[in-house]
Structures are given as C-alpha cells and as structure tokens.
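The chain below stands alone, shown as structure tokens; this is the form predicted alone.
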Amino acid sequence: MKILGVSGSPNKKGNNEKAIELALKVAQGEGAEIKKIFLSRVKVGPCLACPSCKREEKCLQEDDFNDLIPLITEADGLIISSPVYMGSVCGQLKCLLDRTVFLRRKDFHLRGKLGAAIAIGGSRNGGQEITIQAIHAWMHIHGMIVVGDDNHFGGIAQAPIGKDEEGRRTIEATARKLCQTLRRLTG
C-alpha cells in the first residue's frame, strides 16, 4: 500500500506540511509505504492549455512537474492538503491539479486510486469544506474513489494546527479511513 501526501501550501514547515506529516504518520502506522510532495519545495507553473500533452509523453513545460508524475502515478492513494486563503484551493495546488490533465489524457492514470483531502483555514468555518469539495471534484474527474473521515468531507483544521486538537483528529481519521478502504479494496 503506497500513500502519497501532497501539501499544496507555498509555506515551508507550515500548517499544511504539518498536516501531511500527521496524515502520513497515521498511514505508516497502518502499514503504508509513504512519500510526499511539498509544493513549497518544487516549482510547478500553471497549465498553458497547449495541446502538447495530447501527443507527447510528458509535459513540455520546463519545471518540476514531470518529476512528480511517477510519485503520483505509483501511489495507491493520495492525501492532498490545501490552505484556504480566499474560500478555495490555493493557487499553487491549483496549478498542480490543472497540470494533471496530462494524466487524464493518457488513459486516466489515476482511475481507481483512492483520494482524500485536508483543508486548513484561518477560522473553524473558513472555507475548508468548499476547498475539500474542489479537491474531491478534481479526484472525481480523474475517476478516483474519494473517502472522507467517517463524519464529514475529510480533514478540516484551523490554523495553527498545533492548537487545533479537533482538526488533528479529523486529519488522522481521514488518513486511517483511506488506508482501511484501500485494504478492503485490495484485500
């Protein structure tokens, strides 16, 4: 069982990276092999809507996106986290999500994989559910199987995450549910 955690935040060692670390710790405790992508440490520009990925075997933009493709496609499950700045996913994560149209055009490489989402806002009701729904929509477009935390949409936390015990519980529950569901499906 391979689980990939993706922090969409541009902030190194920020709340989203801490959330992904927490989720991956749970996944590892469930027996998963874990890997991570922190967008604060790589460069992924926006999709240019060029037609090249329809005919090429890689994206022609010269940034770190092509290096991330194997991490994404080899994972059995993805846990994606975004900060909430203006009521939805942050721009850095949106760039990565948009660029994966390449994987959809290449035989739906993410079809059947499991996906879960985490969102961290500045207040308890800071747009986290809408942000998670945007990530879930991306997962559905790829044909992924979406899981939540058994109560709601996924990991919903408030910054700073170190002080949000309830939010951390939803992140842990989301990671646990992803692993449990993956084991059921691959039994």
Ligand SMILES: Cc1cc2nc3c(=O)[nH]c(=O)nc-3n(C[C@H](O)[C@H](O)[C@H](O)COP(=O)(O)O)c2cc1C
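These numbers were taken from a predicted model, which means no experiment stands behind them. Just count from 1 along the sequence shown to find any residue number.
The same protein also exists as the form predicted together with this ligand; that form is not shown, yet it is the one meant from here on.
*Asks:* Which residue, Ile132, Leu39, Ile120, Ala27, has a heavy atom that falls within 4.5 Å of this ligand in the predicted bound form?
*Replies:* Contact residue from the list: Ile120.
*Asks:* Is Phe108 a contact residue for this ligand in the predicted bound form, using a 4.5 Å heavy atom cut-off?
*Replies:* Close contact is absent here: in the predicted bound form, Phe108 is far from this ligand, nothing within 4.5 Å, heavy atoms only.
*Asks:* Is there a heavy atom of Thr174 lying 4.5 Å or less from a heavy atom of this ligand in the predicted bound form?
*Replies:* No - in the predicted bound form, heavy atoms of Thr174 and this ligand never come within 4.5 Å of each other.
*Asks:* So in the predicted bound form, does any heavy atom of Cys95 sit within 4.5 Å of this ligand?
*Replies:* Answer no; every heavy atom of Cys95 is more than 4.5 Å from this ligand in the predicted bound form.
*Asks:* Any of the heavy atoms of Gly87 lying within 4.5 Å of this ligand in the predicted bound form?
*Replies:* Although this ligand is absent here, Gly87 would touch it in the predicted bound form, with heavy atoms inside 4.5 Å.
*Asks:* Should the three residues Gly115, Thr170 and Thr181 be counted as contacting this ligand in the predicted bound form, with contact defined as a heavy atom within 4.5 Å for each?
*Replies:* Spot residues vs this ligand: no contact at all.
*Asks:* With the partner removed from view, which of 58 to 66, 140 to 148, 30 to 38, 121 to 129 is the stretch that lies within 4.5 Å of this ligand in the predicted bound form, judged by heavy atom distances?
*Replies:* So the stretch in question is 121 to 129.
*Asks:* Could you list the residues in 1 to 39 that come within 4.5 Å of this ligand in the predicted bound form, counting only heavy atoms and keeping sequence order?
*Replies:* Sequence-ordered list: Ser9, Asn11, Gly14, Asn15, Asn16.
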